Structures are given as structure tokens and as C-alpha cells.
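Below sits a lone chain in C-alpha cells, taken as the form predicted alone.
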């Protein structure tokens, strides 16, 4: 007999009381890293709030969408992190869909608690927009796979324990059918990581050179040759996250805002331009785009089951790219000549310039804007596919650049 779920208001009161007892607002900035991150995430996981829709065996509460939404709302109300992993944790959702039970038990608890760090080993110098063209190879050697190749644009590689790797295991079939997907241990001989300097003067991305590195056979997801299917699912979760998450200024909010006020409105007021009808219209447009994207993302996630891919996620990812670029343009216009300044002594200009440059990350990461338009056109709107002259050719015979 199915256990009856508590009513929505009971859930709200329970999670609210739990947060009041356990959450410290000083931890707000530690979602990605910080001294209290793992301890807090462990509390969230053990309480069943990290992934409320998952089965209890995976630290969930088997909630429906309505109750899950209440949990997210209460965490957001106090700016707490750690919930929503049933929607946003692409590592775990990929494992749940395709890994063996042993691999799930080995990795999922640590991933949920932030004890295991991850990176993505997808793109290569000659295979970015066309990920099916990767040339990193994996060859079976007993109970292991030996991996050789090069990856690029890898975020978090320097601290990662594992990388989700797409590699070629069969060169005699067309490109989409010769791929396999692995959880590759990163802290081993044969992994060389070189940071890449970004236009924002940061080094979040890296080149990764792989020479005779080894992945246990148990770390293969699904079956050999199923890598493209696994990758498409993982990309859907990545695009879902990028479609609703936007990076703010490096140094936090530096504009004085009233309770519930949008930062763009506050910045326009500080700049003395809030009465400008053109500026007001542009701010309203950005806010409207955000609201529309929130609704689209919620719809797409409602349709995204574990192990599936939702092409509509590309719409949210593309929309977020447009929102970030327009927001950056608007910030720059609000500051006028002040936007030409930089440095900590000019915080508003520093933020505007950083966000303008960083917006290109969303235009490229997780598949470029152009790739998203192709996906939307072909899989959402039903337009004819672009010609692929090498789609049915054994990859060994495909001409390389």
C-alpha cells in the first residue's frame, strides 16, 4: 500500500521549522565552495530535503511536484542551498538512469553531500559543436578501459575526483554509434590539467591531456556503444541548469535595493534614469523574459523524467543567454561613461564589465547558441534537419580537420 503524503501546508511548516533550526544565513555564499558546504549538504541530505522527489533509498521523500515545489520555495525564501538535486544534479541523474547499482551506491551519497567533485570531459579541440566527432579513444584491457586523448573547456578539472567522459570505443561504425560514456577517475597518473585564462581574468576552464589513464569497467554507463544516448540525457540536465541559473557579480550585490526590488530598477534609480521611459521599457523587457523563462523551465522540467532528454531545455538555455547579454548591455547604458572604468574603486563599472564579458560563457558552454537553435528548429519546431554527409560513414573513414 502506498504511503499517504502529508498535505502541502504540513510540508511547508515542516521544512520552514527545520530551516529555522538548522540554517545559518552566513553560509549563503558557500553553494559552490566554503568551509561549511559539506556539513550543511550532509544535513540537507539526511533530512530528505536534497531531492524530495526521489525514492527513500536515494535520500528522497517520494514527493510529487506540488510538495517538491514547496520545499524549493522555502529554501529560496531564506536563501539556503542544497535542495532541488532531483532536478539540477546532472551527475546523479545520469547515474540513476544508466549506472549499475554498485556504482550508484559508490558515488551518489558523496555527490549529494558535496564530498565528490566532478567535471565534464566532452569537448575536444576538433569536436565542440559536433560532440559526436570526438577522437579521444578508450580501449578495453581486462577489467579496465585505457583512455588516450585531449579534452578542452573543462570546468573544475583541477579539483575533480571524476570526469564524465565521452570517448570512442569503436571506429568501424558511424560516429554516433561508436561512443561510450564513463566516470573517469581524475586523480591518477596520465591526467595532465592546464588552466586556460579567460577574458574575465579567471581560469575556470582547463585543457585536459589524457595519456594511458584507466577507468574501471564498472564505471561504464549503460553499455558499450550507448555513449551518445547517455550524453544526450546528461546534456539535457546541464542545459536545464544553465537555463535557470545565472552568475551574478563576482563580489556580490553592490547596489542598494529595497525589499523585493529588482537590481536593475535599483541601479537605474542610483543612476538617476528611472524616469526615462526607454530605460523603463528595457528593464520591463528583461524582467518579462526572466518570468517567461522561469515558466518554460518549469514546464520542461515537469516533462523531464530520469533517463530522458527534453529538447525544450535548449529553449531555456538560449533564453538565458539572451537575458544575460541584454542585462549586461542595459547595465552598461545605465552607467554611461562610468562603465569605461574598472578596478575595485569603481565597483559598479567593475560588475557591469565582468557581467558583459561573462555572458559569453552561457552563449558557448553546454552547446553554443547556434547549436541550441538547431535543436529547437529540428526537434521542437519540426523543421528539416541540416545535411550530415558523414552520419552513416564509419568513423575511421571520416575526414579529420
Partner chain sequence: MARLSGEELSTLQDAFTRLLADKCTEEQVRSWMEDRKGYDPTLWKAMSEMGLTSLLVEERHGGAGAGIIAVERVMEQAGSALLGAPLLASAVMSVAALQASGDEDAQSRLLPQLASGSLVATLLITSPEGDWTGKTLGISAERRGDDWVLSGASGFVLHGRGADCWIAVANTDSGPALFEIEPSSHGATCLALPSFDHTLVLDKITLTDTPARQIGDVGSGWQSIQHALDLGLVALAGEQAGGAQRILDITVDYANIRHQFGRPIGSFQAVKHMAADLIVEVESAISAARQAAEKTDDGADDAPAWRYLAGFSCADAFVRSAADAVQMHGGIAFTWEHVAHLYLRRSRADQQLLGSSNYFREQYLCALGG
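As the structure is a prediction and not an experimental result, all values here were calculated from the model. Numbering follows the first chain given and starts at 1.
This next part talks about the form predicted in complex with the partner chain, which is not shown.
Among 41, 356, 47, 375, the residue placing a heavy atom within 4.5 Å of the partner chain in the model of the complex is 356.
Using a 4.5 angstroms heavy atom cutoff to the partner chain in the model of the complex, none of 70, 117 and 148 count as contacting.
In the model of the complex, the partner chain lies farther than 4.5 Å from every heavy atom of residue 168. With a 4.5 Å cutoff on heavy atoms, residue 398 counts as touching the partner chain in the model of the complex. The partner chain in the model of the complex comes within 4.5 Å of no heavy atom belonging to residue 162. Contact between residue 217 and the partner chain in the model of the complex is not found at the 4.5 Å heavy atom cutoff. With the partner omitted here, the stretch from 62-70, 346-354, 49-57, 25-33 that lies within 4.5 Å of the partner chain by heavy atoms in the model of the complex is 346-354. With contact defined as any non-hydrogen atom lying within 4.5 angstroms of the partner chain in the model of the complex, the contacting residues in 115-132 are 125, 126, 127, 128, 129, 130, given in sequence order.
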